[in-house]
Ligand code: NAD
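One chain comes next, on its own, written as structure tokens: the form predicted on its own.
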């Protein structure tokens, strides 16, 4: 039996179609009297719907969340929360919106209630990221963990099918890396494998029938598990590369995770045989790396960094950034092999 430490932090999780209507009850549980509703510019209408549920407990709707949480956007949101007298935030949206709520909480200690509309899983983590001068700086602070998360599958119905697929693959990436984290444990490994299994079975159904509420609910269940392990163990090469590519080259978050995952696993393959066996079992496929590559192909997701707008001329700089700061990874970080990984991911070649 391996030696390990298992620690949990409390987040109240509510599942169910229509459960967004329970928002006032959840605010009462936390003691929030006046909540600022956060969205992206494209989801302001959703913010207004949430405001209608809250009535006079809504301090306002701020539709300024964007990818990778630019520092200036975070500062403006912090100022708005103070100006409007908010004592809590409701993040209605995906990773960009939840990331903005976390930036506010980091500065002000305001509690967060999350209403996820994607499958990214960041709502279950104490991880945050803020981009300043082209560099995405990430960190871990339990103050930014949402106090409550409401998983209402009806809120994902407006998420385009293509984004549903990449968002789900993003969540799978969290669990895949958790299976070989240096501070992992048997409990989180069970959650990671089950999360991958749930998403790998839900996403094809969702692609075929976008209105299938059972498939959307199963995807949220998998997201919850994958996000939970992401928040409690240290990530390695895959997440480091994705943060580098997203923050420094402004590539879309979920799509980058989708492209990079099989290549990062291939890089680490010889050092993580047990993790790969569990991933393969969760996918119900003979091999993990090939299985993830095939799953992506069946879901119609982007297969290369070139498709995402990455410039071939930027690959050298990306490799340099990826090895600048030490971080845990089962295989030592070598600039040459990482540069080769990025080249294959740029071209969409089969993972080694």
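Residue numbers count along the first chain shown, from 1. Everything numeric in this text was worked out from a predicted model, so none of it was measured.
If you look for the form predicted together with the named molecule, you will not find it shown, but the lines that follow are about it.
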So which of 165, 264, 200, 155 gets a non-hydrogen atom within 4.5 Å of the named molecule in the predicted bound form? 155
Verify the flagged residues 236, 331 and 342 against the named molecule in the predicted bound form: is each one within 4.5 Å by a non-hydrogen atom? no
Work out which of the listed stretches, 110-118, 77-85, 189-197, 272-280, brings a heavy atom within 4.5 angstroms of the named molecule in the predicted bound form. 110-118
4.5 Å heavy atom contact, residue 40 to the named molecule in the predicted bound form: yes
According to a 4.5 angstroms non-hydrogen atom cut-off, is residue 223 in contact with the named molecule in the predicted bound form? no
Spell out, yes or no, whether the shortest heavy atom distance between residue 230 and the named molecule in the predicted bound form is within 4.5 Å. yes
Does any part of residue 240 reach within 4.5 Å of the named molecule in the predicted bound form? Heavy atoms only, please. no
